[in-house]
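First, one chain by itself: the form predicted alone, in structure tokens.
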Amino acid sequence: MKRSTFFAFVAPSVVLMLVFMAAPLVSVLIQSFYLTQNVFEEVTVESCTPGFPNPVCTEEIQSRRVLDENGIPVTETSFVGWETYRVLLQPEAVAEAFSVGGGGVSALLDIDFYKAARFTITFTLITLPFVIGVGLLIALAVNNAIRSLRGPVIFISLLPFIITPVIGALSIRWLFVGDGILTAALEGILNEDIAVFAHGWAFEILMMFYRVWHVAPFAFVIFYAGLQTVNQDTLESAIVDGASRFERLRYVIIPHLMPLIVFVALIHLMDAYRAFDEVIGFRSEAHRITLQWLTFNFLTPDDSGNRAISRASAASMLTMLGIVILLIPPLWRTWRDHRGR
């Protein structure tokens, strides 16, 4: 292919990536080093009691936002460098937590960032093998089913992936919250009151279950397509040699699907590390939060109308750094396999 032809094909994608990915990323990085706040002024406010003819008047000093001629709050921006990251990571509190009598890991997890990071990493790494495993099992079951059953099974298997994420999370939550159907059933079986959402671990299990239930159909579609390209001669040779079903799966099918398994792992790691819908759907803010939800919370105006944009930007950059770290092993494997060919 000529160089000019190559650049003609690649240039549109490169331009779009620079405009919609690189530029916003650089903007967020820059914003993490600057602090923007509303400007306040102190004014004296006089208030009088409704007495006549001698009302009692008092004066008090109040703070209020400064507005420009258009009624828009005036803000000021200052360069704070790495201070935003220090406030977010709180190294002093971390050192105190691991000092003698500091509380250790439990004290560390009282800090919002580490609380969110712990659950995000756990959520991502625990659901990954289940997504791959469940998706592969469904693909194998459909591939071995009789032709007349494949269509209905594929349709039913894809339903969780079609449902809007927040709606799916709310649906599962309604099964257990208060006197939900499953909570009422458990109370009838165990003959005692059950409050599922009074415990953080219950939120965690249900959120992980929902993620696997919602994403496994995506893995199933990818693996099912890959199973259609398995070399049948190799499978028949393995059967003739006396290989069991498990041995054929281990030594023939899984090695053939390994590039697709790595692909699904990459997609899941990037998507699960940015988990947000689960926190909103299950309303788990008091027990479990994610890094993406923490960024959203920083962008929510406080009582004075300020948004913690610098901390939200810093949290976004740290979230992206975490995604990159998680992607290194599968990317390294892909690069190594490519070089070995």
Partner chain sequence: MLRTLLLASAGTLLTTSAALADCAFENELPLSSLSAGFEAWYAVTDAMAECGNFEAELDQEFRTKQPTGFAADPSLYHIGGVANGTLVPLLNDGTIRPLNDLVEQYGQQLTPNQLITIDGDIMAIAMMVNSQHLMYRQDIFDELGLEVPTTYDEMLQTAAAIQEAGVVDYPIGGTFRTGWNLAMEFINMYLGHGGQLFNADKTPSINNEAGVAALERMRALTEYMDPEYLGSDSTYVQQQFQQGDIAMAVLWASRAGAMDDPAESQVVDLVTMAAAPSAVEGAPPASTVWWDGIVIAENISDEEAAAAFQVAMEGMDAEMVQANNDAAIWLIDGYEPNRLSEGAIANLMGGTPPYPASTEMGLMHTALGDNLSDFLIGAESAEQALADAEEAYLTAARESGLVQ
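Positions refer to the first chain, counted from 1. Worth saying up front: this structure is predicted, and the values here are computed from it rather than measured. What we label the rigid core is the largest C-alpha set whose atoms superpose within 1.5 Å from one form to the other.
Only in words, not in the display: the form predicted in complex with its partner chain, which the text now covers.
- Contact check for Gly178, Ala286 and Asn306: all three have a heavy atom within 4.5 Å of its partner chain in the predicted bound form.
- At the 4.5 Å threshold, heavy atoms of Asp110 reach its partner chain in the predicted bound form.
- Remark: Phe197 counts among the residues lining its partner chain in the predicted bound form, judged by a heavy atom distance of 4.5 Å or less.
- Although the partner is absent here, Gly71 lies within 4.5 Å of its partner chain in the predicted bound form, judged by heavy atoms.
- Looking at Val28, you'd find every heavy atom of it more than 4.5 angstroms from its partner chain in the predicted bound form.
- Contact with its partner chain, judged by heavy atoms within 4.5 Å in the predicted bound form, is confined among 120-128, 218-226, 188-196, 156-164 to 188-196.
- Along 28-48, these residues reach a heavy atom to within 4.5 Å of its partner chain in the predicted bound form: Leu35, Thr36, Gln37, Asn38, Phe40, Glu42, Thr44, Val45, Glu46, Ser47, Cys48.
- Relative to the superposed core, His287 shifts its CA atom by less than 2 Å between the shown form and the other one.
- With the core held fixed, the Cα of Arg65 is displaced between the shown form and the other one by 2 Å or more.
- Once you line up the core between the shown form and the other one, the Cα of Val45 ends up 2 Å or more from where it was.
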